[in-house]
Each structure stands twice: as C-alpha cells, then as structure tokens.
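As a starting point, one isolated chain is supplied in structure tokens, in the form predicted alone.
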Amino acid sequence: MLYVVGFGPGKLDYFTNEAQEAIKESDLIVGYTTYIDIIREYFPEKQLNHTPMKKEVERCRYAIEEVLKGRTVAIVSSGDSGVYGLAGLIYELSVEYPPIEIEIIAGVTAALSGGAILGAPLTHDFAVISLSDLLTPWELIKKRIEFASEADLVICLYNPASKKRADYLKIACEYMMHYKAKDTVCGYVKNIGRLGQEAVICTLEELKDKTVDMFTTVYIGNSKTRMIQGKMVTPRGYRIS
C-alpha cells in the first residue's frame, strides 16, 4: 500500500485521525526534508527517508519502488497532498510500474487553516493561486491573478515570495489594484499552526509592501470583505433581519 498523506500545517492537532493511522501503519515514511523534520517529532520510531526541494520525481519513484518490494509506505506533505502536493505526480508515475494500491489521505490545506486564524475570509467563492513560477510560467500566473481579480473573487496566494522572488507579492498586488480597491481587506498568516505563527490584517495597498515568505499564506478579499470584531470576514449574502 502507498499512502499519500496530507498532514495539515504541522501541529499534531491538525493531523486527521486517518492521517495518523496511515503513518502508524506504514513501514517507511518518505517526504521533503522540512516535512520529515516535522514528522520525526511525532513518530520517532519510524524509518524516514527525505529528499530536498526539486527532487519530487525521485522521491515519488522511490516510494513506489519500496511498495513494490512489499513495504507499506507513506509519502507525506504538509496541507493536503492534492493541493500543490504529490498526489497527482504519484498517479502520473504509477502507470510506469506494475499496479500498486494507492490511497490518498486528505489533509487541511493552508487556505483553510490560515483562513480560520484570520476569521472567515473564504465564506464565498474564492480562487487559490500559487505565485511560484518554478513549474508555471509567470505570464500564466499573471493572467490567473488578473481574471480572478476582475471576477471579484477572494484570492488566496500560496508561495507568495522566496529569496529569488522577493518582489512577486508586490507585483501581484499591483495587478490586483487594477480591479480591486486599494482599501480591500486583506490578511496573511505565517507559520500556520507552528512556532512563530503570525497573523496580520491590512489593506491591499499595505499588503504590497509586506515581507512574506514560502511559509506564508496570503488572502485578498473581494468587494464585500470587511473587518468584523477584528477579523477578516467575507459575507455569504444571508439576509439578516
């Protein structure tokens, strides 16, 4: 069996029971180095194998090949493995091998866990967009940002900045301000559910000059999003008598 496990933002409280059971049943846990460091704390007795960023294909092949040797393997990622995770890649690669059992274990993706910290920013339609251009051309990312903004969707940004992409959030905010008001309610959460968690609510104009990183999830409201009791809230539109 190959379990593809999303374990949420990292704190054990966010692991679903299903995720914990899959990891406990596995002979080997495979993942990105940062994720394995998180898992190690909670499952110190498990055999662990990790690879750095940009080694995703090698990591998935290794996991499949270990299953073919008769082992039960869990390949893990933070959040949900089907949201910018390895679930799709596992299926793509699996056709090159003899059939194996694959089970996808859902996890709490950052859009949801971070949203809960900020309040209720995703109560209505929203788009999730990654600003990483490692696998997606920047021109396509730009188009998605502009169309989502024009449609007045709440936008949730993953991977908003890195050392090589320090100004990507600023550029994205400038695109959005062609369609969204400068005072649109926005927010971001760093290190969701982990040590150093930080949550900030601000305007779109303020957001473009904020310093964020790969462990930050960013939320840009729609035209109805507002502050309620210090929280970021996007009304669904229920009539309140």
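Residue indices: 1-based, along the sequence shown. All values reported here derive from a predicted model rather than from experimental measurement.
Keep in mind that the form predicted together with a small molecule is not shown, yet the notes after this line are about it.
Only one of 94 to 102, 109 to 117, 138 to 146, 167 to 175 places residue heavy atoms within 4.5 angstroms of the small molecule in the model of the complex, namely 109 to 117. Contact annotation: Thr51 falls outside 4.5 Å of the small molecule in the model of the complex, judged by heavy atom distances. Using a 4.5 Å cutoff between non-hydrogen atoms, Val67 does not count as a contact of the small molecule in the model of the complex.
In the model of the complex, at least one heavy atom of Asn191 sits within 4.5 Å of a heavy atom of the small molecule.
At the 4.5 Å threshold, heavy atoms of Thr225 stay clear of the small molecule in the model of the complex, well away from it.
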